[in-house]
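In structure tokens, one chain follows: the form predicted on its own.
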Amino acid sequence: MELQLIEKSDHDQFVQNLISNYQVEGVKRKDGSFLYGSIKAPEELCLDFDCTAIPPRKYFLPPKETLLQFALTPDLEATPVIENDPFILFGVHPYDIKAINQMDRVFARGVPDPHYLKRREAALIIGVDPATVAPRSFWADMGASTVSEGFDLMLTDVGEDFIVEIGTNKGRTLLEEYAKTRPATRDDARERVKIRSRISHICKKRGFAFPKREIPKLLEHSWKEPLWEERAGKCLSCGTCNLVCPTCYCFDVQDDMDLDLAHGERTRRWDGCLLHDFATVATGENFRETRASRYRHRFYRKGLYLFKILDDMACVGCGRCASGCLPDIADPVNLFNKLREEEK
């Protein structure tokens, strides 16, 4: 692990140098919320946020994207559309980087998805350790306080300086070409550990009442629990919990024809298992027609089905689903703790 130090007085110049040479996307304040967007000036970039409203997955799996363009005449022809313009994603918290790492595995397994993977390859990720904790976050309980991979640079605010961990050679090149740095000392490294431990301790005040690795086993015995019907009775089927989740990746694909009926494009859009028509098939049957079945499926997918693939929960504890749910039934902490309590 290599640590460098950037004085805060030099940080804005570092950001400006990146803006001058790259497309830079980062966290911005807007109407009391924090959102990812294009950074045109250093003062737009916010690094002391608690949690963004929408995760950064939109940069790798856009809400809507064109997969290919096709022509039916004179001969059938299909041309893939793959975006791979380089960009910097500045200010990603460790839990969101963990989510990206999980999605990297998902989209690389089986038949690799070139659209996701090319965007991911084109991205340079500059992470930042959280300085504050969002009210519904529990990332410390999910092993997402820190990450050891998935970033090119990782910043930690230690007062008048940023300690920068170099994660890749691409990250090292960014520092060498665009930043004024000096090697971090052992005291700096110890201060980084103290700051990380302090913020993680604050986050740990909210979490599961039992080890998270017991959740798959808990779900295996909870299929018929009345809690699913009880909670789902309040569900609006709005899909907000799907849309704000950094590890949800389901999508719908459709072909859109031009008015000439000779040309068109294939697109995909975000979809979500809480939406009524998500499990509807061509003949009209809906395999999860009730709200309770859809509500239960979301938690089983996060805590059991994907656990078998990732050897970890497909939840990083960001708390966005809990914050965005109007009837307040999407919070994994409340749900799993209640299931465990009723199991006893």
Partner chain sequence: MNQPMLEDSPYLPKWAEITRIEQLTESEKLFEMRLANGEPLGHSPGQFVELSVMGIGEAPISVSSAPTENDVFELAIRRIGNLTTAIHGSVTGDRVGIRGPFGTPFPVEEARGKDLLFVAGGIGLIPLRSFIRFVLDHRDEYGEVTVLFGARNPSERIFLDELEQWEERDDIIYLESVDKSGPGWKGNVGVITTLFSQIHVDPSRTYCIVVGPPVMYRFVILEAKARGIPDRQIFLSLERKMKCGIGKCGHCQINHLYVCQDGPVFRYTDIFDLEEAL
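Since the structure is predicted, the reported quantities are computational estimates derived from the model, not experimental observations. Positions refer to the first chain, counted from 1.
In what follows, reference is made to the form predicted together with the partner chain, a form of this protein that is not presented.
Using a 4.5 Å cutoff between non-hydrogen atoms, H115 counts as a contact of the partner chain in the predicted bound form. Although the partner is absent here, D252 is a contact residue: one of its heavy atoms lies within 4.5 angstroms of the partner chain in the predicted bound form. Contact annotation for V111: at least one heavy atom lies within 4.5 Å of the partner chain in the predicted bound form. Although the partner is absent here, L306 lies within 4.5 Å of the partner chain in the predicted bound form, judged by heavy atoms. Comment: the partner chain is not present in this chain, but in the predicted bound form one of E285, D48, D311, E43 has a heavy atom within 4.5 Å of it, namely E285. With the partner omitted here, the residue from R291, H297, K28, K58 that has a non-hydrogen atom within 4.5 angstroms of the partner chain in the predicted bound form is H297.
With the partner left out here, the partner chain still marks one of 132-140, 165-173, 189-197, 73-81 in the predicted bound form; by a 4.5 Å heavy atom cut-off that stretch is 73-81. Residues A209, E214 and A232 are none of them found to lie within 4.5 Å of the partner chain in the predicted bound form, as judged by heavy atom distances. For the stretch 120-156, the set of residues having any non-hydrogen atom within 4.5 angstroms of the partner chain in the predicted bound form comprises only E121.
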